[in-house]
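Below you'll find only one chain, the form predicted alone, shown as structure tokens.
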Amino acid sequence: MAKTTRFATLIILMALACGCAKRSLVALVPDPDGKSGSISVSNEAGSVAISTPYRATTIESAKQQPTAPENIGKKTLDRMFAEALSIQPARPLHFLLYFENNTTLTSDSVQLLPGIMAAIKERNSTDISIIGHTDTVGSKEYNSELSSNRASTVKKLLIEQGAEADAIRTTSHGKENLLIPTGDNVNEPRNRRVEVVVR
């Protein structure tokens, strides 16, 4: 049986049962950003590591060690797994909106709203997350409320532009989970943000 034991970065692991025999093919491919990690494929008879994209190992049975990795190539893998790849869900889209102060979006962030709405409509999305954040200026309680208000502000703007209220979930992290790590009471514009995730 094949199993992954270590990932350096996000990878896609694909297994294929070939014919009526219990033969499996495990291949390493880059993630959509072009990065790849490594995998270890093992069974009762031994293991083999793959750290180069588009290489694959074959497992004939639990009693036979996985074969040495061979270069299959992108075209061959795309052809072999065309059906599986065609039904993969689309990756979530992430948008960052920044704030001048309190709950006023920057002008650049206001201009992103039509693109967010286009993504929502194109995907017919019913799963939209809005996560509010602040910088570290002020108390924990103050920032908890402010980040919640920022998330609510963006939700209201999206609903006004046609998003379904029931499709949107809001959460807030206050001054936790900083985009740019800082000490306390630091005014950092990049931390005054809302993240919108469209699935």
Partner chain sequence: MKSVLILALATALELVVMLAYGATSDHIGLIKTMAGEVTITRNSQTIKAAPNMKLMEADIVQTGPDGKAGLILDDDTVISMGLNSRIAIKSFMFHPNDKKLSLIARIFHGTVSFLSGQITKLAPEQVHIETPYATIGLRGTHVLIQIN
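Positions refer to the first chain, counted from 1. Computed from a predicted model, the values in this text were never measured in an experiment.
One more form of this protein should be noted, the form predicted in complex with the partner chain, which is absent from this view; the next part is about it.
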Task: One residue of 164, 145, 31, 70 in contact with the partner chain, assessed in the model of the complex (non-hydrogen atom, 4.5 angstroms) - done: 31
Task: Residue (of 117, 84, 110, 96) lying close to the partner chain in the model of the complex, criterion heavy atoms within 4.5 Å - done: 84
Task: the partner chain contact in the model of the complex: residue 169, any heavy atom under 4.5 Å - done: yes
TODO: Answer yes if any heavy atom of residue 100 is within 4.5 Å of a heavy atom of the partner chain in the model of the complex; otherwise answer no.
DONE: no
Task: residue 24, heavy atom within 4.5 angstroms of the partner chain in the model of the complex - done: yes
Open item on the list: Does any part of residue 139 reach within 4.5 Å of the partner chain in the model of the complex? Heavy atoms only, please.
Closed with: no
TODO: Give, in sequence order, every residue of 35-72 that has a heavy atom within 4.5 Å of the partner chain in the model of the complex, or say none if there are no such residues.
DONE: 36, 37, 38, 39, 40, 41, 42, 43, 59, 60, 61, 62
